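Quick heads-up: it's one chain on its own, the form predicted on its own, in structure tokens.
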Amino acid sequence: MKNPVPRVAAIHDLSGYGRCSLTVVIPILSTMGFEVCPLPTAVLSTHTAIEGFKLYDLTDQIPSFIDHWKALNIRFDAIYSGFLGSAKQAEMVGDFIKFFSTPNTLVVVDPVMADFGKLYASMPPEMVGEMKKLSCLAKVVTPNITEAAFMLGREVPESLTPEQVKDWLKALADLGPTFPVITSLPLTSKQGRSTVAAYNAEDGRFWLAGRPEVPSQYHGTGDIFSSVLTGSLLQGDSLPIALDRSCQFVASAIQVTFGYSGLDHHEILLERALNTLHAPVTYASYELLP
């Protein structure tokens, strides 16, 4: 019998404090109507932007988890990976994708490893090549501009023209994914907005979506964006609508949060925005990138 609730394998870390990774992936996808099966890659005391974080790498435990899932003959409608605790885990996740995916499985790789021009504190340099190889197995890949630059062997740009954005997206598609998406784009024509761009390699169309920037930096927005994007595509939305819904949800969560002062560690108040995921799409602000 077909599973009445679509099932997602979520291969991410678990941070005890700081809304990110599995603590946002699970509530978002559950709210959108999916069963989330977490496969933790690491357990952290906090996310890595908080000084003094503690990380427990689960590389040695992952194979036994996967073997048990194989024995149970579990099947997934989507496989969604993010932060990995070690470079060795990329090979494990690749094997996981090859074993559990079918032609109908949505495979999403968020190559979480860098931002603001540098690797995260816990990331070894070899993670770049491993994430690049892992992205070859994905239908959707969602790097931010720093991660995209590292994967493509390019300098992190201060600004990009629309034509340059298209070139970057095509280069990512050449790695294998059908729907490459780049977040945090410094697009010259969209100053004052946080912009994302995507390419549909099946029909050759490029898409833009975005949200107004606010004068504050919030952690976890990339995880939130990619989670809503995954859920939206699983619900049958087109790529531009999925982009738009993801940007709008991040914007609404930031707007809810920005009204409060004195919040610790720049966390998004996700719980105050989850109910908006049930709202119908009443308008779309995405653009076709000619």
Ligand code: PXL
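Computed from a prediction, not measured in an experiment: that's the story for all the values here. Residue numbers run from 1 along the displayed sequence.
Here the subject shifts to the form predicted in complex with the ligand, a form of this protein not shown in this document.
**Q** Please check if G210 has a heavy atom lying within 4.5 Å of any heavy atom of the ligand in the predicted complex.
**A** Answer no; every heavy atom of G210 is more than 4.5 Å from the ligand in the predicted complex.
**Q** Should P177 be counted as a contact of the ligand in the predicted complex, where contact means heavy atoms within 4.5 Å?
**A** Because no heavy atom of P177 falls inside 4.5 Å of the ligand in the predicted complex, the answer is no.
**Q** Check whether G220 has any heavy atom within 4.5 Å of a heavy atom of the ligand in the predicted complex, and answer yes or no.
**A** Contact check for G220: yes, within 4.5 Å of the ligand in the predicted complex.
**Q** So, in the predicted complex, is L44 in contact with the ligand at a 4.5 angstroms heavy atom limit?
**A** Output for L44 is yes: heavy atoms within 4.5 Å of the ligand.
**Q** Taking T183, L243 and F249 together, does each of them reach the ligand in the predicted complex with some heavy atom inside 4.5 Å?
**A** Zero of three within 4.5 Å in the predicted complex.
**Q** Which one of T31, T59, Q255, T48 is close to the ligand in the predicted complex, taking close to mean a heavy atom within 4.5 Å?
**A** Checking each option against the ligand in the predicted complex, the one that comes within 4.5 Å is T48.
**Q** Could you work out which of A197, V112, I79, A148 is the residue within 4.5 angstroms of the ligand in the predicted complex, going by heavy atoms?
**A** That would be V112.
**Q** Which is the contacting stretch out of 234 to 242, 32 to 40, 61 to 69, 220 to 228, given heavy atoms within 4.5 Å of the ligand in the predicted complex?
**A** Checking each option against the 4.5 Å cut-off leaves 220 to 228.
**Q** Relative to the ligand in the predicted complex, which residues of 15 to 41 have a heavy atom no more than 4.5 Å away?
**A** Heavy-atom contacts within 4.5 Å come from S15, C20, S21.
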